[in-house]
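Okay, so here's just one chain, in structure tokens, the form predicted on its own.
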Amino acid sequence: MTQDTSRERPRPDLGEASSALVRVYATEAEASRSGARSFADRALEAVAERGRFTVALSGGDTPRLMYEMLATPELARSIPWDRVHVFWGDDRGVAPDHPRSNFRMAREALLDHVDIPAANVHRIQGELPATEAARLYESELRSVFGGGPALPRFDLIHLGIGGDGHTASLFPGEPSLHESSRWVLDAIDRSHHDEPRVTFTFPVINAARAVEVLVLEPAKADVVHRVLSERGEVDVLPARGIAPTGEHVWLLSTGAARRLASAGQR
């Protein structure tokens, strides 16, 4: 196996429920490989301890390489896919075969190449009106995790961030940032033609046993620095609302972390 060449640094105290561990990798491929290996390790641990592994995937282009690595024989054959339940933290209001579908990207990069039962793949029905899709997805979560008041506790939630600091489909200035009871909401991406979205809320995200945030793009170095190094409101930088009760890890390429390094946070 390739040596882990990451550098680790604790996030400055932000007064949140948990302090993030920031891991910086020399290349985008190394950061993606670390995410893939973490997925595999956490899957084995969860199945051994609880009989299944529940994971929520992120979308966009950033995690594609990580998913492709998970589909390689080296990692895929080590994962008990029949015990894996895959969800999505958010998706766009599009059909499952649409080029902008987060489900489609994960299916093409990963799910089509592993032996996971169709019943274990829990997609957001983006082809439906967003309000209806959100209602049905929350019902799906309750059917898998139990219908009581307790929040679903995912073994792992993958996230990314946008250039505006959003995560999942929790956007700056939106009331969804302060939702305390609903598990899933419909949302609007006002930066992309008012595109409808469906998204987990922060209570679901922060109930996870582990949250990993993968950021590879050098163009996001400024927003990474703002989220991890400055004090600011969740309304302005939604990713600052990530504060899981479990592990909180950021996987960064050196390009995405360059502002952190320049600030001397090694």
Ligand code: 6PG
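As the structure is a prediction and not an experimental result, all values here were calculated from the model. Residues carry their position along the shown sequence, with the first being 1.
Another form exists, predicted in complex with ligand 6PG; not displayed. Remarks below refer to it.
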property: 4.5 Å heavy atom contact, G160 and ligand 6PG in the model of the complex; result: yes
property: N206 within 4.5 Å of ligand 6PG in the model of the complex, heavy atoms; result: no
property: 4.5 angstroms heavy atom contact with ligand 6PG in the model of the complex for E217; result: yes
property: H166, heavy atom within 4.5 angstroms of ligand 6PG in the model of the complex; result: yes
property: In the model of the complex, segment of 142 to 150, 90 to 98, 70 to 78, 121 to 129 with a heavy atom within 4.5 Å of ligand 6PG; result: 90 to 98
